[in-house]
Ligand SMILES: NC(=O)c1ccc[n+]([C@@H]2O[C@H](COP(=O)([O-])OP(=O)(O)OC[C@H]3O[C@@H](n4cnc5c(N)ncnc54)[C@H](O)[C@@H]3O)[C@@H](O)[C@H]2O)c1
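Single chain ahead, written as structure tokens, the form predicted alone.
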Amino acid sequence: MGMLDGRSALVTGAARGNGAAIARLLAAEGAGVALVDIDGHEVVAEAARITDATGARTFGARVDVCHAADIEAAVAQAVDAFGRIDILVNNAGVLFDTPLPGLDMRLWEKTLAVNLTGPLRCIDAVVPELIKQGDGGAIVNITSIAASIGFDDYVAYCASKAGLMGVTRAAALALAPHRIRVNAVAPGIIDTDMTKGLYADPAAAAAIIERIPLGYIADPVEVAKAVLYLVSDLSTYVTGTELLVDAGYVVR
């Protein structure tokens, strides 16, 4: 038996990287999984790969988290496919260079639209279903170590992830009466398409690894395992918290 048998999840930004790893692990533990991503072709292909590997019920759909209609349609499709929805993982995100001075306001607004307003839209669409079902649920927002420490060339990303942690705390309080737990996972340096540019140069990679106490750049499965903990019955008394998955980067 899996830890999530009989449950279903919606994972945003699930075409690749952390989102795909999260979807795969939740499926392996018995959940039906709706994978959504702005890359519709790849997310459909990833859903098929996960079903082939795990036998779980999945589907993939193109969703732009900046568009409420896309999100609402995906939630309705998940409920239709699985009969219910129990878990939301807000993973979709973007990372742009936004140094100061000379901040590109278009990139600032795009970053906040995807990384902060997008998760809010998803929560707002999913929560009525969770409340209607009457037996609680779990929401996990993927923040970042950038919510805790500054990165000088990424002011928009840092602001969006700090804001998402604020949403996590407020939503945890607002939804606790419904037994809906809201937590965050804050990845450090994880080997994904989003971060590859940070360590493509061997010297840059060596400098980053030197900064990581455990001494390596992690596979996305490390993030997925933290999410599994927070959406499973292992964490029934945990809400409003942020779990750092950073190999000690922040505390160094």
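No experiment lies behind these values; they were computed from the predicted model shown. For every residue, the number given is its place in the sequence shown, counted from 1.
Below, we turn to the form predicted together with this ligand, even though it does not appear here.
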Stretch in contact in the predicted complex with this ligand, which is absent here, among 174-182, 156-164, 76-84, 124-132 (heavy atoms within 4.5 Å):
156-164
Taking the shortest heavy atom distance, is residue 92 within 4.5 Å of this ligand in the predicted complex?
yes
Taking the shortest heavy atom distance, is residue 143 within 4.5 Å of this ligand in the predicted complex?
yes
Test of understanding: in the predicted complex, would residue 39 fall inside 4.5 Å of this ligand by heavy atoms?
yes
Contact between residue 192 and this ligand in the predicted complex at 4.5 Å, heavy atoms?
yes
Could you check which residue among 31, 227, 63, 47 gets a heavy atom within 4.5 Å of this ligand in the predicted complex?
63
What residues of 106-125, in sequence order, lie within 4.5 Å of this ligand in the predicted complex by heavy atom?
114
